[in-house]
Each structure stands twice: as structure tokens, then as C-alpha cells.
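Here's a solo chain for you in C-alpha cells, the form predicted on its own.
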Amino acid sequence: MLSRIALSALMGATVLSAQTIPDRPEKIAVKPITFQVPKVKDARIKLKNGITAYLVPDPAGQPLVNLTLLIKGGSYLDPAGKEGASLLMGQLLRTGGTTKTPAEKLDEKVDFLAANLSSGMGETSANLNLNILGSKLNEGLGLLMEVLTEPTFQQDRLDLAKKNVRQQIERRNDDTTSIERYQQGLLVRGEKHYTNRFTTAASLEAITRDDLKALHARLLTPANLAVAVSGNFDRKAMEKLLNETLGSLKAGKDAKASPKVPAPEHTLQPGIYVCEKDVNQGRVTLSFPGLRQIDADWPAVTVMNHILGGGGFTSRMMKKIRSDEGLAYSVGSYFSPGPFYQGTFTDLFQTKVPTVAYGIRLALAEMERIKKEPVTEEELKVTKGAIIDGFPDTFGTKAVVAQVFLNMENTGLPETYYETLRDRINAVTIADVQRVAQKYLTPEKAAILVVGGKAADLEAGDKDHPGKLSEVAKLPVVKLPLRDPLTMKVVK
């Protein structure tokens, strides 16, 4: 026995000695990952009534099928005075029963199939989702079609949903996160934009079943629908099944193709905006005008932002504000894609009230540095490598691939967008990074929002880092009042 062990050890040592062991981790040779972006055209088909469908089969996967139906339309279509109607319609499409099946019985049927059938509606679209065993797909798709075409928005379920939404809106001012969200939206997009037409107690009370039925009737047309299917299925059989169900759907007499999502008419007003809340932390958001994901500068902006604040612990702002100064736990920045209109650049962090002014100065200084000083070759190389090497995660599973294709359908991204994105990222130069930093990092156009603390304490700043809040930028300081959570009118 001992001789065998000794022989094994000797053989292991011989094998190790025959290999060249690098003296540094970065010298380890690793084969490059070969990854081909899934092509939209390979998945896309048209059903007989014009609905676009994306089929992403996974023959080696679990015996499950995931189906997501996209409905174009959302809260931007809510009637004046009935804000929240789309939200309720989205919830009750699945949970509110059908003309054939009361809500309670429908729940039982879904449970019996061991399926997950859900729905929801946001600002610009709704989803109806089905996850089910492939052997039960016909029954599950039958229930989905029933929910889609014959909802009744049962009164007791509507009453319960309205009660839950009211409880949510009552808590709008309970924490600085929700306050920051609505105040920033108002600053960036203005009072009249659909994103700032808030659900109120009065609008909630005004919504009836007839309103939900009218909204549903307006949306139910092939022109507003698209579908994505992933999982273990036969492609030809799935195409046939979809044509027999969704493909047979016709527009009703009240149906209309949803109009274009409206862009804000508001122009962001530069300033330092303070919204008081009796807490010891201040949430800071710096918002600048941005761009759209389809714009030519998007790859360069992606690289620049990764270096500046979007790259997690490797980003300059994280290193400076968190690691070096210890002012904040989390620091970050991002460019919103702006799928329907120009997006926004946002830098955000949270810190103690006395160090808010100092933190803003540090953030602005890092923006100024990346505008004035070219980034290093090493920074550019590491950043582009991190973005490109992480690219396969965008298509990590067949279900994710299907969802990406559906999102592209909704937002109008070109079908080759992701196929060419890595090359466009790789082509970004040091000069490109500096150019887009100078173009889009515009503190003179910024709305700097601070939520939390008292105005006097924020203005005074930190004794260890002198400097008033009003002096962090050449911008006026404006005090923002809270909004009444039930009416969203200014609290005077």
C-alpha cells in the first residue's frame, strides 16, 4: 500500500516538474473565449396576423417552456384624472378572472398545471408571462389566451388591488429613496411628462372596471403585440401552435395601435436642489442631459463611464469617494439608454449630511479630471476588456436571449446592434473617451439633488473638509418642498 502511495506521489511530482509553472498569475495562458452573438434574424418569424415572434429553442435544457407576450402601451396612455389605470390593468389581467373562469378558479387551474402565469404593466409596455412544462403547454397557452382576450377585472380583485396601491403611495415620503426618485424625475423631465403624472388617492378612486376594460380593448390588436418563446420545444411545432392561438387574434372595433412614446418638452434647469428629510444621511444625485443608446457616441460613453463611475470597485469615483475618503458605501454613475428619447447621465452616492458638500466636490473633480487628462492606455485596455469579456452574460441563457430580442423589438434597436457592439467598443480610443467626457459631463447644466438632512447642516459642510454646499458649483441653491403622498401637490 505504501509503495503505491509513494509511486503515485513520484508520478505526480514528475508531471508537475514537466510543466512550466508561471511565477505570476497574469502569465497564466488562458484560451480566449469564442462567443458568437445570437442573431435576431435566426429567431424571428411572423405569425399569420403579423405578430412578430422570437423562437429560441433549447433542446438540451429542462423540459420547460417560457413564453413572454409583450403588449405595447403603458401608463403614458392613462386618461387624465385616472392615473394608475394601466398599473391596475396590468396586475388584474392575470388575477382578475375571465368571462369563462372566475379569479379563484383560474388560480386553481394555474396551480394544477404547476405553471407560473403572471402579468404586469409599466410606463411603456405590459408583459404576460407563462412558464410551464412542455407537456402542459397546450393547456397553459389556452389559459394565457383566455386571460389575454377575455379578462373581466373582477370587482373584488380590483378593490383589493386599489387598496394595496393606496398603501404604497401613502409611503412615498417614508424614506429618502422614494423621495429622491420622484424629485429627480420632476427635475429631469418636468411636471407635464407622463412619467410624472402620479397615481393619487383621487385618481385611484376614480378608476372603474369599465376603465380597465376600455384600456384593454384599445390595446388588444396584433399591431401592439410581440412574443418570445424559449425552452425545450420543437421549432416547427411551436410555430404551428402560435399561429393557431396568438396568430388567430384579430383587432377589435375599439383597438388602436399605440402611439409613439412622448419625449419630455421640459428643459432641465441647472441648480443645487435640497429636499429636507430628518435623517442623518444625504442622498446625492447629479443629473446631466445624456443621449440615446442608438447614438454613435454610445460605445465611447460606455467606456468612459466605466472608468469614471460605472465600473464598480475599479472606477475612479468609487476609489476616491469610498476607498480613499471613506465617505460612502456605494458610489456609481450611469447613462440611461433613453430608448424612446434622450436619456440622462446620473452620478449618485449617499453619505453623512456634513460630508455631502465634500462628496459632491470630489465627484465633480473626478469629472473634470477625465475631461482634462487623457485616460491611460492601461485603463483603456482593462476597461474595454472588462466590458467585452462580460458581454456573454448579456446572453447567458436561452430565456435571456429571447427577452433581449423582445426588448429590442419594443425599443426599436437595430437587429445588428449587439452583433457589432463589441467591435465598436474595441474601436474606442483614448481621444474618444476624452471627447465624450467633454461633451456629456456638463456640470454647468446639472441638476444636483440632495435628499436628507437639514438645509443649514448641508450648507455648513464638514469641519474637517471646509466648504459650503452653495460653493460646490456655480449654480443656484433651491429648496424643494416635499409632495403630499396622496395628492402629489407641494406641501406648503
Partner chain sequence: MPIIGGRGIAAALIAAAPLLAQTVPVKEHTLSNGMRLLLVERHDKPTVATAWIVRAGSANERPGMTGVAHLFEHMMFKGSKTIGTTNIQRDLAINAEQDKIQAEIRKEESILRQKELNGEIADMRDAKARSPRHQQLVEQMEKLVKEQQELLVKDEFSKIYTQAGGTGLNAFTYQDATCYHQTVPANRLELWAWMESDRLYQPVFREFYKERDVVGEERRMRTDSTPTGKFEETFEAMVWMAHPYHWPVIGWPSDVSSLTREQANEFFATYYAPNNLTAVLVGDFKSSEAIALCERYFGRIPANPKGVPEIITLEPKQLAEKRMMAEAETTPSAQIVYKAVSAGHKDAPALDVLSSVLNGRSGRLQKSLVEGQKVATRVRASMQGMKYGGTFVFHGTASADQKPEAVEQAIYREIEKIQKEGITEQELQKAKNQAQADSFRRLEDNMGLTIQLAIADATTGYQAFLDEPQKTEAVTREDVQRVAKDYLVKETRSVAIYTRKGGAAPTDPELAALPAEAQGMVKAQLGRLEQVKDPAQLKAIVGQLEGQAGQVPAEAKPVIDYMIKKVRERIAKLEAK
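Residue numbers count along the first chain shown, from 1. Computed from a predicted structure; not experimentally measured.
Keep in mind that the form predicted together with its partner chain is missing from the display, and what follows is about it.
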Using heavy atoms only and a 4.5 Å cut-off, decide whether all three of Lys31, Asn131 and Lys489 touch its partner chain in the predicted bound form.
-> yes
Only hit among Ser125, Asn224, Ser287, Thr355 for heavy atom within 4.5 Å of its partner chain in the predicted bound form is Thr355
Taking its partner chain in the predicted bound form as the reference, which of Asp234, Glu265, Glu373, Asp254 has a non-hydrogen atom within 4.5 Å?
-> Asp234
Out of 109-117, 291-299, 181-189, 364-372, where are the residues with a heavy atom within 4.5 Å of its partner chain in the predicted bound form?
-> 109-117
Is Glu415 a contact residue for its partner chain in the predicted bound form, using a 4.5 Å heavy atom cut-off?
-> no
So, in the predicted bound form, is Lys260 in contact with its partner chain at a 4.5 angstroms heavy atom limit?
-> no
Wondering, does Glu471 line up within 4.5 Å of its partner chain in the predicted bound form on heavy atoms?
-> no
Any chance Leu249 has a heavy atom within 4.5 Å of its partner chain in the predicted bound form?
-> no
May I ask you to list the residues of 78-104 that have any heavy atom within 4.5 angstroms of its partner chain in the predicted bound form, in sequence order?
-> Arg94, Thr95, Glu104
